[in-house]
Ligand SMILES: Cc1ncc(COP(=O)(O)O)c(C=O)c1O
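One chain comes next, on its own, written out as structure tokens in the form predicted alone.
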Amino acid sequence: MSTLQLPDHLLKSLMEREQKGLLRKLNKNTPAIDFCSNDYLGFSKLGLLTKTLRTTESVEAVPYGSTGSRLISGNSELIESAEKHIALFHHAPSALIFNSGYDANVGLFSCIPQKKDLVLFDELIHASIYDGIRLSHATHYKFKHNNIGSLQELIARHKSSYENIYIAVESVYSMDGDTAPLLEMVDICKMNARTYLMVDEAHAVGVFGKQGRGLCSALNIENKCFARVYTYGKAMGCHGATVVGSEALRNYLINFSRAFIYSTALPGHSIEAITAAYRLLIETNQQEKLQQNIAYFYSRTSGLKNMIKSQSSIHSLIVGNNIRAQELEIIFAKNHICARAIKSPTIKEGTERIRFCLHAYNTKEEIDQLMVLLNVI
């Protein structure tokens, strides 16, 4: 069977990336000791979601496919009931489910900021948020990572030229594992009219706050955020995402978010899984186990040079170049530990690293085994 080849300039891009040792490849062989996945609470690995869903009588009655977008044939009482539950859990007037965290961020940031608006975003913001911002008609500038002075300087310089200002941050950053100065950012929004905070809680839900409600909940600023995004492919162990906020925000997204309007809705079993994951947040002590492992790992690594300080599930050791990062990933794999090299261009050149993700199911013995390697490499 003949297949049309890629144009020469695209093949050249692939060859250049391979020559630099940066060519991404899919790998099915994952070492047994998990310090790489996003399954922070173990809802997936430990089978907790599966066991919960098996006891839910309605699962068997749910059609496998949703049959269309929410505006055509894909809406259901099941989805709307889940959204009401999610809104209640996260102390918001409304919630709207998207098919993934990427879809939620692209769908939100591409339609909310308008041509006469300004978006200010942290320089380490997730690619999904940046892609959404680029699709909007708003002007956008980045500020230095977690730097309140840099943010204030941009607001002072530009606020008179725009109708609204949107500040885009992650509560917990996916590469450094550090947290945004959300309290200071809330104060900035309070001091500047028509300035709105939008927070991605992807790596905070299930980890911070009472019953894993996230960092905004832990800081008691939920009702001071214009929009919050919660994703389910990490600590929640399933799939999908939700944007929570005002009822008007929900209605606006339904009418103007292309990622929502033109996507087939999540199937019923995915909605059931999301609902079950929220139930597990309430009924299990997995968050407590995770926090114990985070504290233990932090105590063991606090003296290591180039380890980024973090109280989250994510901890990164900066090694400074792609070759060394790849070498370390191989060393860990040979010792049955899965810890991934994060290389440029995914991150800024010079900040290449090994990233460790902690879980409720990691044992102290596994952490100690990891520490032995960290102390000799």
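A residue's number is simply how far along the shown sequence it sits, counting from 1. These numbers were taken from a predicted model, which means no experiment stands behind them.
Although it is not shown, the form predicted in complex with this ligand is what the next lines describe.
Proximity to this ligand in the model of the complex, defined as a heavy atom within 4.5 Å, holds among Thr301, Ser100, Ser94, Ser217 only for Ser100. This chain lacks the partner; the member of Ser110, Ser174, Thr275, Gln286 within 4.5 angstroms of this ligand in the model of the complex by a non-hydrogen atom is Ser174. The stretch in contact with this ligand in the model of the complex, judged by heavy atoms within 4.5 Å, is 228 to 236, chosen from 110 to 118, 228 to 236, 187 to 195, 260 to 268. Contact annotation for Arg250: none of its heavy atoms lies within 4.5 Å of this ligand in the model of the complex. Taking the partner from elsewhere, Thr179 is found to have every heavy atom lying beyond 4.5 Å of this ligand in the model of the complex.
This ligand is not shown here, but in the model of the complex it comes within 4.5 Å of a heavy atom of Ala202. Within this chain, Arg213 is remote from the site of this ligand in the model of the complex, having no heavy atom within 4.5 Å. Contact here is defined as any heavy atom lying within 4.5 Å of this ligand in the model of the complex, and by that definition not a single one of Ser316, Glu329 and Arg353 is a contact residue. Contacts between stretch 307 to 346 and this ligand, counted in the model of the complex as any heavy atom lying within 4.5 Å, involve no residue at all.
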